[in-house]
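Encoded as structure tokens, the following chain is the form predicted alone, with no partner shown.
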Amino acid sequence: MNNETVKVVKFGGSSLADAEHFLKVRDIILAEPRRRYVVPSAPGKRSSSDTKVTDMLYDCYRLAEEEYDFGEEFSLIEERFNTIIADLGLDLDLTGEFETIKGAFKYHAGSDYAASRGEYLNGMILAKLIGYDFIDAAKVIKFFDNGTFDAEKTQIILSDRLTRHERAVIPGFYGTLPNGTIKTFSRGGSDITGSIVARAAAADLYENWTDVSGFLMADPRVVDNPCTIDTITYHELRELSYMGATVLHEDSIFPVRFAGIPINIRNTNDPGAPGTMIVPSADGFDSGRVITGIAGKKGFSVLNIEKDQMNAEIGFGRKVLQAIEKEGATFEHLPSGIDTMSVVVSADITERQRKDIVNSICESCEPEAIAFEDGLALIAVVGRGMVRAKGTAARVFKAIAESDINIRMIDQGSSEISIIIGINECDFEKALRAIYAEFVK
């Protein structure tokens, strides 16, 4: 397949919430012949008080599992899709599909099956609207028995299928286990499907259409009118996504990253906006834009450990991490000194887990002091330009200090594209705004 002639486009639920949005999507797809493969999500909210179709399906299936009558609830789902079809003026009857789904619900086909039907039905409608072939994702997206994605088998099956379809719609979010049972990705999984299709199609670009005009430098709920990021690398995106930036499902990076395919985040409601390009790497240094973005999260705790000459004690760190692992917890960061070690963990670990972790470390490491400290928020300042810009860390700390905020933790990765600071949760919003103002004049 000629990789210079193919674009894969994915549309989120907000872009396919009703007939009006379907028509915008149609115009976007048909405006460029290279947009040959389309991955749709289920209908999203039409307003802030509305309910996503996926949530409606989950609720309906829950009633079916509990042996309650779900007819009234399912009729609302039928109405949602039939309204879209009628408003689009399509000659399409989904009655048979609805009956099949209701029958599967009665026989408890699984919550993954239920959730996937929103993408499945939306895919059929979109394919009819734009005149593309419809490929059921169940036939081409494969999982292992343990529920993990089978990338190799999917690549073989899907790439072969796409060679037989010049243009096609492939629903996002789901595939099948070896026994044919429907299996879904996690929430945001349509992003993953789009990336998988882009790799299988050997696309030169994966366009991810949503309701924002690209990736923003900071959370707009905290920072007023943050700038849009023009270009961001996969590595930078991972750093920001981990810290809560949610434009793109972070797992969707890997299939296209493996193939070196760039991603373009675009806005369905503003198709003329260039959006954000996500690329494998980016050369050049813009002295006026040292950082790429800022993101952060609340809800962390710190386990502080003190012991003289712990750095000379072989296996000290391993024993600490084993105690945390034993309780089924994971660590976020490990800032440490010669006689001190701090382990940042999620604040939602239970009191029992905390007690058992402390007891285990006391028994194996004999620390002089050990205690959990709550109320920590983390902020990541990310940018490939930081490697070449002198004084970036100093500017971060200066902005924090001038806002009368105390820094509780500092951590910088070996790649030098991110600086992570820990602060009190009550200072989170103020710190985020201060850092942004320092770097974006």
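When you see a residue number, it is the position in the sequence shown, counting from 1. Quick caveat, the model's predicted, so the values are computed rather than measured.
Note that the form predicted in complex with a small molecule isn't included here; everything after this is about it.
Per the 4.5 Å heavy atom criterion, the small molecule in the predicted bound form is contacted by stretch 52 to 60, the sole one of 389 to 397, 370 to 378, 402 to 410, 52 to 60. Under a 4.5 angstroms non-hydrogen atom cutoff, the small molecule in the predicted bound form lacks residue 38 among its neighbouring residues. Proximity of residue 189 to the small molecule in the predicted bound form: non-hydrogen atoms within 4.5 Å are present.
Although the partner is absent here, residue 173 lies within 4.5 Å of the small molecule in the predicted bound form, judged by heavy atoms.
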